[in-house]
Each structure stands twice: as C-alpha cells, then as structure tokens.
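Presented below, as structure tokens, is a lone chain in the form predicted on its own.
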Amino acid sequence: MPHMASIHVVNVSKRFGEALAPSLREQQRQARMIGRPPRERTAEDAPPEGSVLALDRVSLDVRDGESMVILGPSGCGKSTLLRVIAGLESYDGEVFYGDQNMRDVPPKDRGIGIVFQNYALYPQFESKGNLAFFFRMHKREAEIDERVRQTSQIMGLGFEALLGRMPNTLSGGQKQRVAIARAICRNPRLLLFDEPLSNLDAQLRSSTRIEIRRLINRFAITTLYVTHDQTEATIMGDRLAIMDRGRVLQVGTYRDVYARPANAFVAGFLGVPPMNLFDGLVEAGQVSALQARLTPPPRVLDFVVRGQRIIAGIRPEDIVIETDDAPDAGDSPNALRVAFEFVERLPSDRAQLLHATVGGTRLIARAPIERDIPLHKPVRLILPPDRLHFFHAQTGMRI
C-alpha cells in the first residue's frame, strides 16, 4: 500500500496569453528564499490584454484517500486545475500534498499516476512496455515483472492478453485499460483522471467507470477525477467540486449540492434535466413568477425587499401535476395552469419529462412514465413552497 496524501490548493490562479509578465508571486517567493524583501504589486503586474484567466484564486481541499470529482462545463478550468496539481503548469498560489509544498517538486517525483483523455500511451512500446516505462526510467528494472503481474491481477480477467500487444492494435477501451494500469502500476500517492472515458462509447463508458471505481475503493488512493458527465460524477466522487469560469463555486456530496445549490449556476447545471429557473418579483409576502404568485419560506422574505427582482427555481421532479378537474389556479398561491407541448420518455428511468412554455419561460416537469398526462390541454401544476429555491438576480447567490 503506497503512502497516501491529501491535496490542498490554496489561492491558485493561472492565466494563459501572449507575452505574460513573470509571476509576481514567484518573484516574491524567490526574494524570500534569498532573504530580500518581497516586491509589492504595481500597475505593471496587471495581466496583459487578450490573456485568459483559466483559474481565478482557486482553493480546494481533497482529503486523504478521498475521491473528488471536478465537474463543470467545457472551458471552466477543470483540466487546467488538474494539470496545476500534477505540476504540468506554472501557477500563482500554492499546492500542497499533505504538508509538503509542491512548488519546486517536478512531476516525475510527485508519486502521481495520471490517466488522460487521449490515453497518451507510448506508441513504440507494447502494453507491458508502457507499464514498465516508469521503472526503467528510475533504474528499477528488477521490479518490473512482479509489478506487472500484480497490476494484471488487479485489472482483472483478460488483461494479461493485452500485455504483448502494441497500442495501434488495441481498441479505445483496451487502450484506456492499459493507461489505467500504467497509472496504478507505480503505486501512486495520488491518482489524477482527466476525462478518461470521453472517447469511449456509452456501453463501454458504463463498464469502465465501474471498473475504475472498484479500483479506487480497493486501494483508497486519493483521487482527483475531472469530468463533465454528471452520471460519471455520481459514481466516481465521494464529493464534487463544481467549477465555472475558473472558480470553484461549491464543494459537497452530490446529494447535498443537488438539494441545496449555492447559486443559480450550480442549480441550473447540476441535474438531468437541471432545475427550472425563472425570473421573479418580490411583492407583499409573495413572489410573482411564471404568471403566478409563489409563497416563499419566511427565511427568504427576511432577506429581500418589496420590488426586488430575484431568481426562483424548482426541480422538475418536485412539481406536482394535477390532471383532474381542479378549480382554476388563478387565485391560488403556488399554482398555475399550463398545457404541455411535448413529452420526453425515459423508459430506463420509468419516467417522462413534460415540456411547457409559460410566458416565454421553458418549464419541465417529471412524472412516472405510467401516468397518462394529456398534451395541449391545460393541467394544474403545484409548486410546493418547501421545494422552491430563490437566488439573488444580480449575484446569483442563494437567498
């Protein structure tokens, strides 16, 4: 069992662009090392025009032995954060493995195993050569046969048959198995996965992610797993870190983040389909939204004022659909009438998603697939007060 490590990312920023000035933080660090006073920030340290801020003062803690999933849309900084932690990118801020600052530790000496999206196998070596490369580079050839044997047992049935084959003769799934085995073979302190399954078909993704999770559970290796696939995130992560525009917006278990999103972005991103979000206007003790009047919990009313614009939201599965001859919803709080335009059936989930438009706002409700809900005919919807979420219109933060 290798020595494990927690990960601590402290106020890390990373900017890409042309003609970048030397990092002020790095200059300050070098000054301290030689006993000189660190230089203060000046106007000349402002980032150049046209550069892209990929990471914006990111702080994140991954516990020893924990599997943390970094989840977010394309371009949000997920892979950049992983590369910074691996030591493959320069950065401002600090990265610790346990108590050790990794600023001056090269990637080869960090005890990490990395699995990339494109497999990154050495094309000139057969699979066994790929697993053995690390040990040859470190003059540890005597360990190769035993490490490869142990890793083959871990990877399961059929893996030994891949050891003598060249990468160009392997399928995508087989290449990924070899890439994962290469990462595990060296007994890493940390495992880093950068969207490792995105090039596989749906069926192979399903089986491979279960295999990866089994390996993570078996060894309890501290793992950072980058993905944009929410199903993958629920399987791979003990906790999630949701990112957008270079920032970590919320960290927690999937259940906690889903139930209580920290802001409107997280609410509108997490979930398939995501939360319904719509504009609202605070009135006397109520919120006007979706051409209806909603009654928020008292805690919400304590933090808003009359006439304030906010964002309201509700999960599709929390909407109650009444198809009987209920009274008109016009004067009933938290109720409205809509006509569903089309239905999206999900047989494997035994569910159906019903789509409607209310005053120009798209609304999705989820119901059991067995329910016979008419289309193009008004039905009554109830939005239970305890299932509503409210966010500030300007900042997006949860109220």
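Position 1 is the first residue in the sequence shown; the rest follow in order. On a predicted model such as this, the values are computed, not experimentally measured, just so you know.
In what follows, reference is made to the form predicted together with a small molecule, a form of this protein that is not presented.
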query: The small molecule contact in the model of the complex: S79, any heavy atom under 4.5 Å; finding: yes
query: Any non-hydrogen atom of S74 within 4.5 angstroms of the small molecule in the model of the complex; finding: yes
query: The small molecule contact at E126 in the model of the complex, heavy atom, 4.5 Å; finding: no
query: I373: touches the small molecule in the model of the complex, heavy atom cutoff 4.5 angstroms; finding: no
query: Stretch from 174 to 182, 79 to 87, 251 to 259, 157 to 165 whose residues place a heavy atom within 4.5 Å of the small molecule in the model of the complex; finding: 79 to 87
query: Sole residue of L346, A339, V343, V52 within 4.5 Å of the small molecule in the model of the complex, by heavy atom; finding: V52
query: Heavy atom within 4.5 Å of the small molecule in the model of the complex - residue from R103, H228, R247, R214; finding: H228
